[in-house]
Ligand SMILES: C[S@@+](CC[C@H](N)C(=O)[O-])C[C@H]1O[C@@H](n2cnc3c(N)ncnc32)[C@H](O)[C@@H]1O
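As structure tokens, one chain now follows by itself in the form predicted on its own.
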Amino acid sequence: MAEFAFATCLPGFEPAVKREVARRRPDLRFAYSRPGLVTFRASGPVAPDDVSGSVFARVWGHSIGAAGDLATAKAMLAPFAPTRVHVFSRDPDVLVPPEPWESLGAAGPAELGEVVADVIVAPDEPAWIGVHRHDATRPPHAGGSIPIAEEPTAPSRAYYKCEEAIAWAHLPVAAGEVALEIGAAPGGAVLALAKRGLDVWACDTGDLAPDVNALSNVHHLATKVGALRWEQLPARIDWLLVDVNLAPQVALHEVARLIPRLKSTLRGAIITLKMNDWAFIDELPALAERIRGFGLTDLRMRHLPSNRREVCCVALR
């Protein structure tokens, strides 16, 4: 009997998932999709700890199939003996009540090694049932969400992108460290880091939000990255953030000029790679190698909940 893998994603990103899986996982063949859900037929067994085939997958695992009622779902899940149940909407903007599926088992964040039942719901449709085994590469919350407390003063979405990257990658950013952000205006990520007690140098020709610019640990370098001079930078930089509205190849070319100055103290980077079209997906391996060339060899990529047509890359020494 054939086995299947499933991936959930931001609705509209199904082509990205399919294109990347076709490149990375030739053992899988596209089978079925709905907005926010894609399944693949496997040439062999699919275990709950199957390796994700796409950075755009919010949840990835063994696909079991559709269940129209609770009894059917229980029977489908019984062979896998899940210890955690995650009920979530296929489209995060169209919330569906979790009843009655929440009675399948314990909810809450998954612990390392737990087998998680994924119950993916949509209005007026059967639930889609799958399972995955939680590990350190996956967010522990239902649907791959990364809960971040709302910040009313955040001037941009970059605040949440930064906080999600730190939470997802377990980055050890700490008060007293120094960060440089390229493409900082209007200061969302700058605010996130400054609130954590970092000394933040913000490079952008655009203005920072007044409340952000007024912070004593924020320093605005009102210049574009191509004109930024080494002598304008502090003696030590621990964290580099890049979020510029340039093609990824161009952005990395501009940043490469600064790396010799940063390399001796740099602990890691959060780099937002802008995606202009689906062909960008084929460039991800080359972009990863370019970043590793900066001396940041521990690298991972993910389409975070607050990302749109972009990918978050976290790279550490």
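Being a predicted model, the structure only gives us computed values, none of them experimental. All residue numbers are counted from 1 along the displayed sequence.
Quick note: we don't show the form predicted together with the named molecule, though the next part is all about it.
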Just to confirm, with a 4.5 Å cut-off on non-hydrogen atoms, which of Glu114, Asp204, Asp199, Asp91 contacts the named molecule in the predicted complex? Asp204
Report the residue, out of Ser145, Thr72, Thr223, Thr137, that has at least one non-hydrogen atom within 4.5 angstroms of the named molecule in the predicted complex. Thr223
I have Ser156, Ala189 and Val244 flagged as a candidate spot, so tell me whether each of them has a non-hydrogen atom within 4.5 Å of the named molecule in the predicted complex. yes
Proximity of Glu163 to the named molecule in the predicted complex, heavy atoms at 4.5 Å: no
Indicate whether the named molecule has at least one heavy atom within 4.5 Å of a heavy atom of Lys274 in the predicted complex. yes
Taking 4.5 angstroms as the cut-off for heavy atoms, does Gly105 touch the named molecule in the predicted complex? no
Using the partner position in the predicted complex, report whether Gly183 sits within 4.5 Å of the named molecule, counting heavy atoms only. yes
77-85, 236-244, 164-172, 93-101: which one contacts the named molecule in the predicted complex at 4.5 Å, heavy atom to heavy atom? 236-244
